[in-house]
Structure formats: structure tokens, C-alpha cells
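There is one chain below, alone, in C-alpha cells, taken in the form predicted on its own.
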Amino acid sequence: MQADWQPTCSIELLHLRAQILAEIRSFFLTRAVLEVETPLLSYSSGTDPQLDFFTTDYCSYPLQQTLYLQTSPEFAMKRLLAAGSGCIYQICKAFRNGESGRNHNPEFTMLEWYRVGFTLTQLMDEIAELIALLFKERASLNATQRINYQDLFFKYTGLDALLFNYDDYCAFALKSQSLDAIELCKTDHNAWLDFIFSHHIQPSLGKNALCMVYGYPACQSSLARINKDNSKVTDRVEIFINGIELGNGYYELTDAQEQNQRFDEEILVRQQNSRPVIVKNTHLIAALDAGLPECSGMAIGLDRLLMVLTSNKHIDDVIPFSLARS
């Protein structure tokens, strides 16, 4: 048994983490992508109905204000893009309340980057290049896989991910012995997609390979733009290796009015589900209104990436101190 003061990961792992961070910075430096820093504390938060947030009270007599620890640097980075920063990246801490387990720690390290002028396909190419660099001579990966979400969903379930039929989805739940889904998801298409994907599809993705799933249903992305050829699909990609989700990417939504409407819809869902009240990020809406350049962005959880790279089964094994030892 280790004493509680000791780190949960090995010293060798600390060295590997430092090497990975250095290689990421070199990767973006050679591509003239600017490293930036944005606040971890903000007066507002995201609206995602699936996420809870950490808050703290900022006291400056005689005022007291609630601040939010950011779940992602996305909103602030988009404000930099709108101000003319050009292509940017950031390595930072992010925070999500209530998340713990084998693949989750409430405080984690995130790599996020935005490429001005990139389509989603170009972003996917760059993701594959970065992963190949980080795994080179450390772990062998098979050829990268690129799979359409609708095709993938049908392959594993026989269901159409873009056309919700409650009876068909219930029939699948009965057949797959997932009776909890009927009670948990009810008639919420988005909830059904999340449940089925995480339980019946994701564990099989990326067997010793980088798997990119693209073309998510429109109800699954609040920050990605709708595909120009199919309004039921958004230009979003998620990446997986050995069944572990590593990151999310979008061809970014630039329409301020549409983004504001999506935020309002998510806030309503949060209220209906009795989720903690949040403050909408009006600065992002103003930045979009001023003009966000055409761009694509990606966020990768670096702790999970280290888990996959080192074949560790728990996130505690790749971070210096778990929450229990913090």
C-alpha cells in the first residue's frame, strides 16, 4: 500500500507525460499554430445538459459573484479567433463536477486546438497525424478507421440513428437486455442515442487503432454546424482507441443567432431535468456576431490518451495525484 502523500502514477509516467507535452508543442509550432492561455474561472458556463459545473464565490467587498470553473476552454478560445488570433491551441486543466471512475477525474488535462480555414476532413487528417506522432515507437497502431455514425449505428443495432421510432428502439432494448434504457430514456431520442452508443457500440471501437466516427445526428451537437448536404447531421467527429473516447471535434458553428437559440434550448432541457442553473455565455454570442472565421476545432483528453498509450486501465495510474490524494 502506498502512503497517501505519494503520487498515484509512477515517476516514469511523469517523464512520459512531459515528453508527450513537448512533442505536442513541437507539432503545433512547426505548423505555426499559436499557443494561448485563457481563464479557468469565468462569470458564465456552458449549457450542456449532460454536464455539471464547479462554482466558487468571488468576493470583492461589497460585491460577491459566483464564478464557474470551465469544463473546456472552447468559448474563450473562440473569442480569440473572432479577435483575429489565427490558428491556436491550448493545453490546460478542465473541470467537470460529478465525474469520477476508471476513465474520469473531475480535474483533467485537455488539449484543444482550432484551425482557421480547415474543413472537418482536414481536421481529421491532422488528428491522425498527431496521434501517429505520439504513438510512434511507443505503441503500435493499426490503420486509422473513419466510420459514418449512421452506418455504424445500423451495423450494431439495425436501427436508423437519424429517424427515431420509439417502438423500434424499445424492441432493441428488450432484445439486447437493456431494459433500463426504456425507463431512463423514455421518448428522448438524444438519450437513446447516448445510451445505445456507450453501451453497445463504443466498447468495440478502435481495436488497437484510431477510430474516427463522423456525421453525428443533429440532436447530438450544440456547437457544430449542420451538414450542408443533410440537415439531420452535424459536422462532428469523435475519436476512440480500444473503446475509450479520447476527444471531440467540430466544423464550428459561426452563426450567432443559431448558437444563441441552441443555448436557450439546452437551458430549457436543464430546467426540465432539474439540473443546476447556469449563466449563458453572452460573450461567445457577441464574438460570433462580430464574426468567427471558418474553422474546425478539436479537444482531446490527454490523461485518457496516456492511459491508452501505456495500457493502463485507470486514470489514477497516469495522473500525479488522484482526487482522493489531492
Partner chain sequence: MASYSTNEFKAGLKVMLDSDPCAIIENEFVKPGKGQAFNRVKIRNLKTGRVIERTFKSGDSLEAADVVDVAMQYLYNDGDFRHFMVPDTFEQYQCNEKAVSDASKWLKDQDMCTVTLWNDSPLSVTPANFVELAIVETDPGVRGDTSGGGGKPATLETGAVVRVPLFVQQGEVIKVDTRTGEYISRVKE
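Note that this is a predicted model, so its numbers are computed, not measured. Positions refer to the first chain, counted from 1.
What comes next is about the form predicted together with the partner chain, which is not displayed.
Checking a candidate spot here: are G117, D235 and Q257 all in contact with the partner chain in the predicted bound form (at least one heavy atom each within 4.5 Å)?
So, no: the whole triplet misses the partner chain.
Of the options S26, Q261, Q50, T55, which one has a non-hydrogen atom that comes within 4.5 Å of the partner chain in the predicted bound form?
Looking at the other structure, the residue within range turns out to be Q50.
So which of K155, K93, R138, H104 reaches within 4.5 angstroms of the partner chain in the predicted bound form, heavy atom to heavy atom?
Only one option qualifies, and that one is H104.
Taking the partner chain as it sits in the predicted bound form, is G98 near enough to touch it, meaning that at least one heavy atom pair lies within 4.5 angstroms?
G98 belongs to the contact set for the partner chain.
With the partner left out of view, is E126 within 4.5 angstroms of the partner chain in the predicted bound form by any non-hydrogen atom?
E126: no contact with the partner chain in the predicted bound form.
With the partner left out here, check for me: in the predicted bound form, does some heavy atom of S198 sit within 4.5 Å of the partner chain?
S198: contacts the partner chain in the predicted bound form.
Report whether the minimum heavy atom distance between Y250 and the partner chain in the predicted bound form is within 4.5 Å.
So Y250 counts as contacting the partner chain.
Tell me, please, which stretch of 184-192, 227-235, 158-166, 142-150 lies within 4.5 angstroms of the partner chain in the predicted bound form when heavy atoms are compared?
Single hit among the candidates: 184-192.
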